[in-house]
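Just one chain is shown here, as structure tokens, and it is the form predicted on its own.
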Amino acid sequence: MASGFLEDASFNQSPAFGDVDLFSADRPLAEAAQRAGLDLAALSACGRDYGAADTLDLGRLANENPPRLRTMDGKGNRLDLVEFHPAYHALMQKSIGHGIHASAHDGSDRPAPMSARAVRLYLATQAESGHMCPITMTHACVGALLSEPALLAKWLPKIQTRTYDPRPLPWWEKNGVTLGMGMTERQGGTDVRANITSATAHGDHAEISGHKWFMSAPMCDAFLVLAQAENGLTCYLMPRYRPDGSQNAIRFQRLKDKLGNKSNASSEVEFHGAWAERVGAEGAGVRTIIEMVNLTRLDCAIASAGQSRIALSQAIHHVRNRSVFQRRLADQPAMRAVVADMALELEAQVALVFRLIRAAEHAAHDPREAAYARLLTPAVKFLVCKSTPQLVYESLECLGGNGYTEDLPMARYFRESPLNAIWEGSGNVMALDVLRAAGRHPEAATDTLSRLVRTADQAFKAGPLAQALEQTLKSGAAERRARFLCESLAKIAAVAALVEAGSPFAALYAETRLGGSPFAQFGSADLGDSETALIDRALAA
């Protein structure tokens, strides 16, 4: 009888989270999509796909069974293959099937292709983050290849397919391809101008010798790499196979043993006269990849918000189904204060990220939107990505000891949470990029800040803070105070984004993040009667 009792009793445990429409249950996201004029029914189907229990379990399996590098076969022949678990391949097929790797470039989503893709990326990240690395890089590499139209025309038909083809074959024999990138080297890291990898011209191609310290998703079909040519740092597209079908001289040394991101392979690599084609002008490598960098930074912000969202959703699900001291956790005032405060943070992040996506969408024909995107992209990445570890941790704590175990996904979310703040430029790099953008285009930066303040003023008097930012920017302390400038700019932009979205929480966010009481820990702010509405919007029951 005792055994049967133990088998049948729930012991006040919350049920497994799954079979959820991650789009429709997320009111801030659904409203952002509606404002952009997107196909809500299609996005709801996408939300159900990624919120299915089976899909969420693929995320677990892909991380519990990380990729393995096979440099050689049993007879000493070079292979340079990375083997992935079937769960990883299933996730790749799902995300490529949804077009997250290419839809922003092929006109399949109207009227807002970047916004529609951003929603799907935000949803896919919640199922599993690691496989989004090659998805994001493929999307971003197209931005760089625009500078070499003939090369892009050759590759684009294979990029735009909705078929995932993991076979180790020359790219022209495959049904679909993915693209990766290798920029940083051991001695330079972020300072790519310190790269020592060299490129030697040979007529219509170059041969590249050197190394990359981080090259993610090494099983992609080609990689954008930076190398020193005769006239300076230059961008190249390096395929896995040479035009004669032989394996290119790309030698993977080992896979990185990372804190998180276990499903995704990141490698150290050497090039031994590897065949490659130039992308953009010789010596213009940094200028060529800047569009790619901007696109990946946008994705970092979108994905970090998605990581925070799935962690918060798990926490809300738990507190609604767990009772302590004769009351549900969701009815405990202290717990409600914490969860509602996290929900308020996500309200602002979603409004801010999708406002930035809108600016990027219109930048080509609207100078003011271009100025917004130029100044705010590093600032938004800074704020959103650096907020994610704290928000994920607080969500983990809501589950108590269960959250700290490897049997539930919160530990995986937490290990993953710092990555996007590091990828494509860590916090100081983002803050300094804000200073550079303001310094190179001072009038446009001043106009952008003025417009943000005018909008934000409907909820909060941001003028004094804006004046402090301008004074600091003009002082000799600007670089030392770069993080203050970056974070404050992003928070003013978040208030403005909430105002533009018609959010009833714009003033609440402004007061708790920019008001007199400094924001320290989630749950320390007094949200008053807004708690229930915030929680219900974060995860519709």
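Keep in mind it's a predicted model, so treat the numbers as computed, not measured. In this text, residue numbers run from 1 along the sequence as written.
What follows is about the form predicted together with a small molecule, which we do not show.
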Look up in the model of the complex whether E424 has a non-hydrogen atom within 4.5 angstroms of the small molecule, and give yes or no.
yes
Tell me, yes or no, whether A112 is in contact with the small molecule in the model of the complex, where a contact means a heavy atom of each within 4.5 Å.
no
With heavy atoms only and a cut-off of 4.5 Å, decide whether G182 touches the small molecule in the model of the complex.
yes
Partner contact for K258 in the model of the complex: the small molecule, 4.5 angstroms, heavy atom
yes
Go through Y393, Y404, W172, F214 and name the one with a heavy atom inside 4.5 Å of the small molecule in the model of the complex.
F214
Note which of Q247, Q332, S266, S450 lies within 4.5 Å of the small molecule in the model of the complex, where distance is taken over heavy atoms; exactly one does.
S266
Quick check for you: of 395 to 403, 198 to 206, 174 to 182, 298 to 306, which stretch puts a non-hydrogen atom within 4.5 Å of the small molecule in the model of the complex?
174 to 182
